[in-house]
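Look below for two forms of one protein chain, each set out as structure tokens: first structure 1, then structure 2.
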Structure 1
């Protein structure tokens, strides 16, 4: 099916125009990358293709037409569009409706009224085609981030759509999970499906995409063939705000012995959920003015570790010391600030400015404005946090951490959904915090980012 956007412009309610005069045609079976800096309009284009705009986004101003073949998306019911277009979002949890994998895989087909015998046949085909036997019969909440993303893709694949729309699908995935997603896209493409993917991580798309659409300030600025994209010079890539075109290797030493007295020590730490051990006997230390990276596969327990360190999850055993004093969970809550992997869980206020004030009531407006300026958020000072793009929300959460004045700052995937320039901004701020003597722990799969900020790394294995 041909996807065609004809002179499309869109403006979210009470916001500047997001897209302006978009003309784009995507042929059947093409794999097309939407790239550009955070907030440029990539996600908005995906919402136009899958029908979320205008059917679910209220109050926006839309002009121009978006169609697949001769079907005008704005004039077609969303349940009919779902027969042709399947979507995989950045956060797979936002598209789950069940608590077990088997039910989730069948959910879309059941809603479409497919005959039960056909559902069983389609599920068997999906499980075999995508090699997801290990996910069946499992509780979704017990899965790692990579497994959830795999299930989200599989639930869409089971619906047998002609078009796949993927929005930042690798934002929180480790290298193995990214490779699995790559193989899933290759499978869909080999079957003649059209794939539209909005992404900042680019290296895994080598030899996979047919074209790259570079979007700048809501307009299509350049269209590259696959070869033209991969042949960009480093200076060209950086000037466009694109992430590395090559897979990054971690170049930082692992945690070792030190003669200096550490300020934060973790000794033989173990954590469990519902009596199931997540990790055990973790031991490491961090000094003031030092950045420790925590790395490991999806599901190894990295996020659980961050929650334990900041007092949101009680340890099964072990000791956490700050300045040689053993801290209980409530004491850790007062000393640590954590930027969560899903920042939607920690944005509470009705404006960007008030969100900053909530985390730092004693800060002056001038101080808050200075931090917002550093993260390119000052123009959005009065905007509701939930009206920001994913990358802007991420930067706002990091800004609140900077303003909090707590000694221990913990960042869980702080560059999720960020372009190259915004990644450098976060790197620069973390290096400033380091210079001010903060204790900083960063959980990330983003080796390009970790290489710029970390003094050492600690590996957690399953």
Structure 2
């Protein structure tokens, strides 16, 4: 099916125009990348194709027409479009409707009223084609983010759509899960389906896409062939605000088990969960003003390690020492701060200023202003934390930690779903903390980012 956008403009309720005068034609079987900085309008284009605009997004103003073949999207009910267009979204947590994987896979076909015998046949095909045998029969809440996203793709694939629309599908995925998604896209493409994908992360799309549409301020600013895109020079792609085109290799020295540097030392640390050991006898150390990256495969225990370091998980054995003093979990909670992957869970107050005051009530307004200024938050002092952008929320969480004089800051995947410029902003924050002599630990699989900020890397694996 041909996708045609004819002079489309769109404006969300009470906001300036997001897209203006978009003309775009995508041929059947084509794989097209929509790229550009956050807020450029690429997600909005995906919503035009899957019909969320105009059918789901309320109060917007749309002009121009979007059509697939002869079907005008604006005049077709979204459940009819579901036959032709399948959508995968950014957040793995909020796109499954059922508790068990089997129901989820059948969900779309059951909605369409397909005969049960045919559904079963189609599910079998899907499971085979995408190799998801290991997911079947499982509770979705027990799955990792990557597994959830794999299932989300499979549930869309099961509906057999001609067009796949993927909106930042890798935002919350690690390298292994990204590779899985890549294989799934290859499969869909080899079957002649059209794939439209809006993404920041580009390296995994090498030799997958046919064209890349670069969007700037709601307009198509350049269209690249696959070759042209991959041959962009480093400086060109950085000036366009794009993430690395090649899979980054870690250029930081990995550390072995040594504790010759003081400040924060971890000795023979083991953690268990329900008696099952997650990792065994880890030893490493970090100095003040140093950034340690922690990398490792899924299931190696990165999450448990961070939780243990900041005192949320009790160690099975081993010692964690800060400034020569052995710390118990409760004490670690006092001197550590973890910036979580979903920072929404850690902002509580009704304004940026009060958020700062909440955990350090003895600070003067000047002191708080100074910290807010340092993290580019001063203009938003009276704003509600939840009305901030993702990056601002993250910086606010860091600001609260700085104000309560935490010595150790731990970042859990701080760059998930960020474009190049926003990744640089995070690097900036970390460099500032470094200059303040904080001990910084960053858990991430974003090697491009780790290369920029880390002094050393600890590799954790079974």
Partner chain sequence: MSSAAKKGRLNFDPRTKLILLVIANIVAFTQQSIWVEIAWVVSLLILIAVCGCGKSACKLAVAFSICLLLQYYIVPVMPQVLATTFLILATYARKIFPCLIIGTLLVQKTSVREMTAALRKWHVPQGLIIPLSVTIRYFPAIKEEIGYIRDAMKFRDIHGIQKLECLVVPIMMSATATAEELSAAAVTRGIENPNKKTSIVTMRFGVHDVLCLAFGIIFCVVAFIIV
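If you superpose the two forms and keep the largest set of C-alpha atoms that fall within 1.5 Å, you have the rigid core. The structure displayed is predicted, hence computed values, not measured ones. Residue numbers count along the first chain shown, from 1.
A.B. asks: Return 1 or 2 according to which structure is the form predicted together with the partner chain.
C.D. replies: Here the form predicted together with the partner chain corresponds to structure 2.
A.B. asks: Fitting the rigid core first, would the Cα of residue 298 be found 2 Å or more away between the two structures?
C.D. replies: It does shift by 2 Å or more.
A.B. asks: After the core is matched up, is the C-alpha of residue 99 off by 2 Å or more between the two structures?
C.D. replies: Comparing the forms between the two structures, which are aligned on their rigid core, residue 99 does not shift its C-alpha by 2 Å or more.
A.B. asks: Using a rigid core superposition, assess whether residue 412 undergoes a CA shift of 2 Å or more between the two structures.
C.D. replies: Yes; that C-alpha moves by at least 2 Å between the two structures.
A.B. asks: After fitting the core, how far does the CA of residue 381 move between the two structures, in Å?
C.D. replies: Reported C-alpha shift between the two structures: 9.2 Å at residue 381.
A.B. asks: Residue 308: how big is its Cα shift between the two structures, in Å, with the core superposed?
C.D. replies: It moves 6.7 Å at the C-alpha.
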